[in-house]
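Okay, so here's just one chain, in C-alpha cells, the form predicted alone.
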Amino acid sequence: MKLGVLFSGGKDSLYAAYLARKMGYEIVCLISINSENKESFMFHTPSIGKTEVQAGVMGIPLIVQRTKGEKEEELKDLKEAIKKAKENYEIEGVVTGAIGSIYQASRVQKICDELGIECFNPLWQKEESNYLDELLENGFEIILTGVFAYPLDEKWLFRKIDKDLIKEIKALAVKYKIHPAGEGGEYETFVLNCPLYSRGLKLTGKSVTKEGENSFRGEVEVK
C-alpha cells in the first residue's frame, strides 16, 4: 500500500514513518504544513522550513502546503495537501504521528474518510516513557527545538534526547505531571538522524526566540 506521511520533521512523524515502513508499507511522499500561526492547533511549527533538507536525505518527495493557521480553517489546507498527494503520488493512506491527541487524530481521520483513503496512527496510545527509550534503541538522533511548559527553560533547547535527558524528563513528569514525550505540547523536536536517512544532518546554526515565561522557540540551520 502506498502511503503519504504527515511530516513535521519531529520525532513523532519520523518514527511513525519508520514503523510504517517496517510494517511493509511503501512511503511515496511526505506532506508538510507550513503554518504562519506559531500557536497552530494542529501543526508543529519550530524549524518546519527544514523539512526539505530532511526529505532530501530520505530521498522521498515532499509536498509543502502553506496555511495561515486559523483554527479549523487550517484543515482545508491540510485536505488540499492530502488531495495533492493522492493525485500526484496515488497514495492510499496517510500516516500520522498522533500519540494521544483526539483533536488531531479525529480531524485527520475525517479528511481521509472524505477522500476515500486510510489513516494510520502507528504511535497511538504508546506509553510515553518507554517510547523515548525506544527512539534511542532504534538509532534516532533528536534535539529539542521548542520548550513551552514549566519547569523546562531555555537551557533545554537544542539538547539531544539521550539517556540523561530521558532520566531527567521522567523525573519531571512525575513531579510536575507533564508528558515525558511532549504530547501535551511541552516541547517540540527535530530529527538529525535516523534509519530512514541516507546520512546524518549537521547542525550549522541556531537561534532562540523567547515567547513567554516558560516558552522558548528554537530555529536550526542544518546541512
Partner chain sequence: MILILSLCKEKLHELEFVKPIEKIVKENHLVKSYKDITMGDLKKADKVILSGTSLKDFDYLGDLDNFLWIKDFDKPLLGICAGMQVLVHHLGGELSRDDRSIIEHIEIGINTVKFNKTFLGIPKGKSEVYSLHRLGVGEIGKNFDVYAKSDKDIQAVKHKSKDIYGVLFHPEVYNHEVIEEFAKL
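Computed from a prediction, not measured in an experiment: that's the story for all the values here. Numbering follows the first chain given and starts at 1.
There is another form of the same protein, the form predicted in complex with the partner chain; it is not shown, and what comes next is about it.
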query: For the chain shown here without its partner, which stretch in 71-79, 148-156, 135-143, 120-128 has non-hydrogen atoms within 4.5 angstroms of the partner chain in the predicted bound form?
result: 120-128
field: in the predicted bound form, Leu203 touching the partner chain (heavy atom, 4.5 Å)
entry: no
query: Could you tell me if Leu3 has a non-hydrogen atom within 4.5 Å of the partner chain in the predicted bound form?
result: yes
task: Evaluate Asp113 for contact with the partner chain in the predicted bound form, applying a 4.5 angstroms cut-off between non-hydrogen atoms, and reply yes or no.
output: yes
- prompt: If you check in the predicted bound form, is Val208 within 4.5 Å of the partner chain, heavy atoms only?
  reply: no
task: Residue by residue through 167-194, tell me which have a non-hydrogen atom within 4.5 angstroms of the partner chain in the predicted bound form.
output: none
